[in-house]
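Listed next as structure tokens is one chain, alone, in the form predicted on its own.
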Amino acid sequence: MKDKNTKSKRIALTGGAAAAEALRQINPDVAPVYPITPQTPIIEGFAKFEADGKVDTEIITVESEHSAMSAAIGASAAGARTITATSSQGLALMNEVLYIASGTRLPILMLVSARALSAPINIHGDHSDVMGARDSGWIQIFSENAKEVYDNTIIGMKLAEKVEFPVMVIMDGFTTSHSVEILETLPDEVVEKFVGKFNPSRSLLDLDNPVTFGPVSLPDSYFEFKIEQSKAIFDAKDEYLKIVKDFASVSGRSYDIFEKYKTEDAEHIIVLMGSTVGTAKNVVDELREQGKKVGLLKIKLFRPFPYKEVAEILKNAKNVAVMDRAISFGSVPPLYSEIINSVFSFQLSVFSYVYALGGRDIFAENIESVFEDMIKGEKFEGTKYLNAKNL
């Protein structure tokens, strides 16, 4: 049985280690896992907790990520509190069964250390993998830093089990997963009480109340199943807001579906997700000191996407720029598309930028150039690529 830690701690952890620490405190029943860079330290750290007897988790070592998700589905359907983790090609290999987890409404928690997809081979961070899974029916929560990885892991577990949907907690590969930061962890008993005991509403092993998982659904019923699933995942946004409010009461750390940074009177606003937010905040501060009315909107809850709330923040801006760390081949970038859908009725100027694919560095001057484009009123069609070499 896991040890008790009765005091909050300020400790230095990587994002991956922060996720492992939160998982130790959650003490899941089952963890099917397969290693892949840069996710491996998450489960490697958690496996050490299991080896040291600090959790009761049954860790299943499988032969592939497809098998990891398949085993997670089986464990969750049997009524076990279930977690896993992956990155990049691993998430892509899971793709076939991601839809089964969400369509069967299984509350699996998955940590994703977001990474570029091959080819060419690249092991560094961008959002290509999680954007490939954005329509798979999973809730997606983005983390800016190690503290948010820790908090989102705890929040994500409770949210998954409350709304009966699988949840991805996403960190940027290497930038967050392998960078050390100081954060404050909560006492074990606080996390244990906050997450609570998992009592599944249905289970394959509940022989007194038999159920079927994964039945055949023909044309006369499949459509309605998917409509109900779509409605339910949008409703999860309200439950997320309740859970982060409860989390604030036990941690002192407040979250929302997004973070507004100096947007109240901003004429020019950048929208983005993930670790680059920290650099962008510094740029906003510097330009504010120069008298420029700039601001930042950080999206935390990407699925379900908060269209109306985002539109309310952006509607008074003169210009909006969206920075995507992924490309949608043959279409516009994914976050840009969501922002356009949010604000189309306000006739705002919204411009698209793609940055830092494959782990390419993104610098403060790159972000400043985005604000300068908006301030100067520079208009362009298509997408600009920040810090890209001339082709």
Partner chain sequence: MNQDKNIFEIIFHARAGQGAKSAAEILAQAAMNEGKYIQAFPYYGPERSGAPTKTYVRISNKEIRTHEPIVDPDLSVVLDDTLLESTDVAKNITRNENLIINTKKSKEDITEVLGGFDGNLKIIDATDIAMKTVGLPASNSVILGKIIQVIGVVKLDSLKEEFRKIFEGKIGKKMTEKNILAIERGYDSL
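Small disclaimer: the values here were computed from a predicted structure and weren't measured. Positions refer to the first chain, counted from 1.
One more form of this protein exists, namely the form predicted in complex with its partner chain; it is left out here, but the text below deals with it.
Enquirer: I need the one stretch from 337-345, 22-30, 356-364, 49-57 whose residues put non-hydrogen atoms within 4.5 angstroms of its partner chain in the predicted complex.
Expert: Within 4.5 Å of the partner lies stretch 356-364.
Enquirer: Does each of 175, 182 and 286 have at least one heavy atom within 4.5 Å of its partner chain in the predicted complex?
Expert: Checked in the predicted complex: all three residues contact its partner chain.
Enquirer: Give me the residue from 217, 316, 95, 282 that has a heavy atom within 4.5 Å of its partner chain in the predicted complex.
Expert: Of the candidates 217, 316, 95, 282, 282 is the one lying within 4.5 Å of its partner chain in the predicted complex.
Enquirer: Note which of 278, 196, 103, 187 lies within 4.5 Å of its partner chain in the predicted complex, where distance is taken over heavy atoms; exactly one does.
Expert: It is 278.
Enquirer: Is there a non-hydrogen atom of residue 144 within 4.5 angstroms of a non-hydrogen atom of its partner chain in the predicted complex?
Expert: Yes, contact at 4.5 Å.
Enquirer: Applying a 4.5 Å heavy atom distance criterion, does residue 12 contact its partner chain in the predicted complex?
Expert: Although its partner chain is absent here, residue 12 would touch it in the predicted complex, with heavy atoms inside 4.5 Å.
Enquirer: Do residue 138 and its partner chain come within 4.5 Å of each other in the predicted complex, heavy atoms counted?
Expert: Output for residue 138 is no: heavy atoms all beyond 4.5 Å of its partner chain.
Enquirer: In the predicted complex, does residue 368 have a heavy atom within 4.5 Å of its partner chain?
Expert: Yes, contact at 4.5 Å.
Enquirer: Using a 4.5 Å cut-off on heavy atoms, which residues of 45-77 contact its partner chain in the predicted complex?
Expert: Contacts from 45-77: none.
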